[in-house]
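One chain is shown next in structure tokens, namely the form predicted on its own.
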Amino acid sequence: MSNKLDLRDVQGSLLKAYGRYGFPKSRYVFYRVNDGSQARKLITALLPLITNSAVWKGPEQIPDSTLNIAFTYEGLKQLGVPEKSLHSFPPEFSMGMKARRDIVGDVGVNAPACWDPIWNTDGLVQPVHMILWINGRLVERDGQQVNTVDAGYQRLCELVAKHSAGVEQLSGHVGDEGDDPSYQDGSAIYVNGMPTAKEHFGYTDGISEPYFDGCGSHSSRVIGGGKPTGGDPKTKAGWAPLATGEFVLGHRDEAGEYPAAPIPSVFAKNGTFMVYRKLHQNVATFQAYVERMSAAIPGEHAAEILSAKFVGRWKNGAPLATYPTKESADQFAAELNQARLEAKQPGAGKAAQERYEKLRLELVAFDFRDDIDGSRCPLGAHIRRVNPRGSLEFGKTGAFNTPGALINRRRIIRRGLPYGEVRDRSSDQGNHGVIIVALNASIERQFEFVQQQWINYGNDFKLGNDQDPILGNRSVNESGNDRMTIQADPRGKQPPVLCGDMPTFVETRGGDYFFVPSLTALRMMGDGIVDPT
């Protein structure tokens, strides 16, 4: 398989985790296309502003803000993409998220009737045709921090205004004051004035992401981010890059094939599909449930232990598979923080940098081969459900040519940020949660499969209908098995714990499926020269 990928042709949102470059703010802006001809002119005008995936080789190359663009199926239709090309898109994309609600579990409290007004419209066809999103840094100017998202948004509005006959900016997002803002903001959660990687339940998020051929990341990112090989998970020998085609259209995937993509091939190549979801977090319900069920956990810090079992990591990010006790996790976190501070010191030597990097890799350098029974990290823990790290073979050897054969085709690149502020942790009311931006070459095989089979059902984990404790929608489960089993730990003489009557902690507030074109495809769309013949 070739790892030749034209990074300048791939939109930056696919290969750049902007948060790693110091972009703690985001803004998602949605449009309806009213005039295809004028909207195509807008796309052409936007091209110089679209951020690509070329590697930033130094701080001076990092822009203050980034801009990326994607389209729904209805949006492509309104833009005049030929019917033959439209019909060549995969059916899940052309149907859209709302029409796939039964498959992904958007029923009950997650049903479209509960979504923000921008998404909650009559019928299955939604008015959103196009999304433009901005990620911004905080920069010092005149002794004050400036949110560059505002400046990027102003440039965007000025450009769109010149083509106002072509597109209409949509409102309908529930805001902090119950208002109706014309965009959706995202922001890292700040502690003591500094952005963190936390989400509203208090866990460190965004620790690892898939590593694939040609992605442009440092080779050390293959550890924990690639596919398991059966070697030492703490070294590169334990991992190999995933195939490019799992995430980027027009390249071979793990099956050695080209993923299903629209025609002509030049229109699809270097593009991908994106899932946008706004998820509300029931913080009060989560905290109350953990406190109530932790009575079954002996010793100190019972609530913290139980919530770590739900997630598969401690709140500081340490994985249970490597650090099964709070004491070991706290010691690791202290060493990691000290190493980080030393590595940032002016004149820090190579040894300090290497020590920090070695400790940082501990966050991702693990699999579940030594924890097949779930005595450390429960079989149903969130991180094990969404990325089983080669554990679905349940200790069998020789059964598969690749240790991760059952999961390598289900990996997803996840972007996004929290939104809103938890103003009252004793109430689920309010406007706070997380914006999920999931990128994959196949919405059906990757996002929808994980959402349906691994999050809302547990059969692949030998857990029947038990759901992901964090993301599972209990409205899906008509059998009443709203539970999670904490497996026994014979080493610590901890008996199994059954957590029943588990409520829904995360609720869908809207979203849709988008096509993220390459820069080449955007030029074709702007010029109106997409030719499927």
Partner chain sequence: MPNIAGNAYGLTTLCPIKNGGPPHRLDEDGATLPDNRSFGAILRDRLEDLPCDERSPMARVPNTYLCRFFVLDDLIYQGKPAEEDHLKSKYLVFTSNFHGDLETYLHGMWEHAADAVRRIWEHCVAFDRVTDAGSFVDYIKKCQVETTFYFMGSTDVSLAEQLKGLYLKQEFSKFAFANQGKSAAELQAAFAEFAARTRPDNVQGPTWRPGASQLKDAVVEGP
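Just so it is clear, the structure is predicted and the values come from calculations on it, not from any experiment. Positions refer to the first chain, counted from 1.
The same protein also exists as the form predicted together with the partner chain; that form is not shown, yet it is the one meant from here on.
- The partner chain in the model of the complex is not approached by residue 488, whose heavy atoms all lie more than 4.5 angstroms from it.
- Although the partner is absent here, residue 189 lies well away from the partner chain in the model of the complex, with no heavy atom inside 4.5 Å.
- Under a 4.5 angstroms non-hydrogen atom cutoff, the partner chain in the model of the complex has residue 293 among its neighbouring residues.
- Shown alone here, residue 27 lies farther than 4.5 Å from the partner chain in the model of the complex, counting heavy atoms only.
- Annotated contact segment (heavy atom within 4.5 Å of the partner chain in the model of the complex): 293-301, selected among 362-370, 253-261, 82-90, 293-301.
- Between the options 50, 54, 497, 62, the residue in contact with the partner chain in the model of the complex by a heavy atom within 4.5 angstroms is 497.
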